[in-house]
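As C-alpha cells, one chain now follows by itself in the form predicted on its own.
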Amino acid sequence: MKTTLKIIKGTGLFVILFLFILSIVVFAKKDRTFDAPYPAIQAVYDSAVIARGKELVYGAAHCAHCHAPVSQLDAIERGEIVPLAGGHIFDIPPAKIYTPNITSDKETGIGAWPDSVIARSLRYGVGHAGSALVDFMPFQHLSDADLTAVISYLKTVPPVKNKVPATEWKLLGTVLKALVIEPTGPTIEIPKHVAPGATVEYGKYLAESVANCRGCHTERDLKTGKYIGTPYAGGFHMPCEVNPALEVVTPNITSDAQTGKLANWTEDDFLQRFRKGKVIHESTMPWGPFSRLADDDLRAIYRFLKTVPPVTNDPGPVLVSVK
C-alpha cells in the first residue's frame, strides 16, 4: 500500500511539474513570429488585370464568403458586390476567429500595407506582424499573375472603416499557437501564369489553388486544420453558418461507383447543377459565386475531378446535428 501511495504521489508531482514547464513554454512562445520572403508582387492599374482580380475575388476564390459577415451571405449568393469589411466569425475549438477587413481603409483595413506584405500573407501564411495565419486561405500556389490581379483589385476597393475584434484564442488554441501552428507556404514552384481553358491542368489549378475544393471535400481535424482524410473523398464536418445546431458534412466528389457524387454525372450534368446555385439553405458551399463561373472553368474542374482516383467513402447525410 505504501509503495502504491508513493507511486501515485510521484506521478502526481511529475504531472504538476510537466504542466508547470508546459505553461512556461506556452507563455514564452505564444506570440512567436516567423520569417518569410516578400514576393516581388506589385499592384498595377491595368483595367484587364483589375477585372481578373475582381473575377477571382467574387468568383472562384469566393473571398466575400469569409470577409463579409454572415448577414451578407444571401446578397453574395445573388451576386451583389458586398464590402469586404470583415467580421465573419469562425468559432472552432482553438479560437473564435474574426476575419479581417481587407478593404483599402488605412486604419482598420489593409490600405496601409505594402503590396509585398499582402502578397506574403497570401502566399506564405505570415501576417503583417510576422505571426502565423490560420490556414483558411488556400492561395499559396496562386500564380504570380493572379496574385497580382487580386492585390490590384483589392487596392481599388473603396475603404470601409470597420475595426474587427482580434482573434480570441482558447486554451487549446494558445497551446497550438505556441507549439504547433506554423505558416503554410508553397510546396511547388509557383507558376508565372496559368492559361485558362477547359483543361485538366487549369481545372486542377482552380480546384486546389483557387476555389479550395480539396480543402473542403477532404476530412480535416478542426483542432489543428490538418488533413486526415483522402483528398476529395469528403467527410469534413464544419459548423453550419446559418444554424448553430447543425454541422455540414462535405460529400465525396470522386467518381467512386458506390459513394462518389461524380460517378453518374456527365460534364453537362455538372454544369447544370452549378447553374442552379444553392438548393440547400444551410449549405456552406459558395454556390452563388461558383454558379457564375464561365463554362470553361466548370468544365475544367469537372475534367480534373474525373482524373482523381475513386475512393469508397460514404460521409453520410450532408446535414447532421451538432454532437
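Just count from 1 along the sequence shown to find any residue number. Remember, predicted model here, so these are calculated numbers, not experimental data.
Although it is not shown, the form predicted in complex with heme C is what the next lines describe.
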Is P39 close to heme C in the model of the complex, meaning a heavy atom pair under 4.5 Å apart or at it?
no
So in the model of the complex, does G127 come within 4.5 Å of heme C, heavy atom to heavy atom?
yes
Within 4.5 Å, heavy atoms only: does L305 come near heme C in the model of the complex?
yes
Verify the contact flag for T259: yes if a non-hydrogen atom of it lies within 4.5 Å of a non-hydrogen atom of heme C in the model of the complex, no if not.
no
Pick from A233, C213, L176, L73: which has a non-hydrogen atom within 4.5 Å of heme C in the model of the complex?
C213
Heme C in the model of the complex has a heavy atom of only one listed residue within 4.5 Å, and of C240, V194, V82, L133 that residue is L133
Report the stretch among 182-190, 74-82, 222-230, 149-157 that approaches heme C in the model of the complex to within 4.5 Å, counting heavy atoms only.
149-157
Suppose contact means any heavy atom within 4.5 Å; which members of 60-81 contact heme C in the model of the complex?
A61, H62, C63, C66, H67
